[in-house]
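Next up is one chain by itself, shown in structure tokens, the form predicted alone.
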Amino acid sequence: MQEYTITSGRNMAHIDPTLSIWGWEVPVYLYLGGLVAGVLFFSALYFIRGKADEMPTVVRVTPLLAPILLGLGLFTLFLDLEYKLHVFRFYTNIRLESPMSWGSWTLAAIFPLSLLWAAIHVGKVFPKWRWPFGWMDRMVAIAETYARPIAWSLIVYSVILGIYTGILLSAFNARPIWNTAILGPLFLASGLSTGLALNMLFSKEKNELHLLGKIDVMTIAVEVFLIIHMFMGFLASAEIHIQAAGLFLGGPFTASFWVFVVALGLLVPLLLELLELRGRIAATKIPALLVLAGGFFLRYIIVEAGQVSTWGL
């Protein structure tokens, strides 16, 4: 009896037995994109609510970092491209069924908006600031006239950017650990939380810090809920999803995920922030730093696990 081996696309370089295309660049991009989404969302929200004087760090200070951080994220994404000179092809058409197309056009909109938003507020943060060219003063003056419409646009685009970073992964049906609708809301909640954490690092206003801590407690609670719901969905699904969940439940990513993401990145800062809000301990920057680190590890571990997760033969 003869034995035949059917490969059918198996053992392909960089794809089988595990995906090995995405390195550190992609999780860094996803992290910075979510962080910027959180910063811009709360800045625009409290500007519209007329809280710029009460929330100066949120509305005016951290948005100055947004275009810089987003630029770094775009640079890491550029580094990841195999054919870098073809980057323009993202903007030669619009494909509504493609998360990458949505993301590309969202970035094309939110990056210039973040620059205008920073330009509007830089003079408030640095009173001696002077633009080197007269046309820049005129441009900023026009932007200030339309500050509220810009703020509303930023709210919409920041939500799209935050949730897109998760949808980008969940669209890969061939990778079971990414193939969940929870990733979009989870990455959005994480982005909002890291945005709040960055504000807490820079804020010196007691009332502002108190409000930021309250909101962050809620966003962390949402993250924990979504993570639990994600694994419940995996364990109640098909065998391949149960196996994918096993990567985090006794598999190679168990310690890193539950220690660096859930424990140190969510539960410990949640406990510390609750104790700070109740006056049990002095306020520190430790919870904010842990949230920022946990947000990065969440994306890094999810990206790495997704490249290992497979439907098999």
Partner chain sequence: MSAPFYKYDFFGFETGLLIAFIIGILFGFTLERAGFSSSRKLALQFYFRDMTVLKVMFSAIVTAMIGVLLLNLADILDISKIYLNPTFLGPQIGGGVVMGIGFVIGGYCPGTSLVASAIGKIDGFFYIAGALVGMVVFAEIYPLIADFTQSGGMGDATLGNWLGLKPGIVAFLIIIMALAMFAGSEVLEKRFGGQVAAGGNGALANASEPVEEPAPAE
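Positions refer to the first chain, counted from 1. This one's a predicted model, so the numbers in the text were calculated from it and none came from an experiment.
One more form of this protein should be noted, the form predicted together with its partner chain, which is absent from this view; the next part is about it.
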### Query
What stretch, of 251 to 259, 40 to 48, 63 to 71, 25 to 33, brings heavy atoms to within 4.5 Å of its partner chain in the model of the complex?
251 to 259
### Query
So in the model of the complex, does any heavy atom of L277 sit within 4.5 Å of its partner chain?
no
### Query
in the model of the complex, does A52 have a heavy atom within 4.5 Å of its partner chain?
no
### Message
If we define contact as a non-hydrogen atom of the residue within 4.5 angstroms of the partner, is L264 a contact of its partner chain in the model of the complex?
### Response
yes
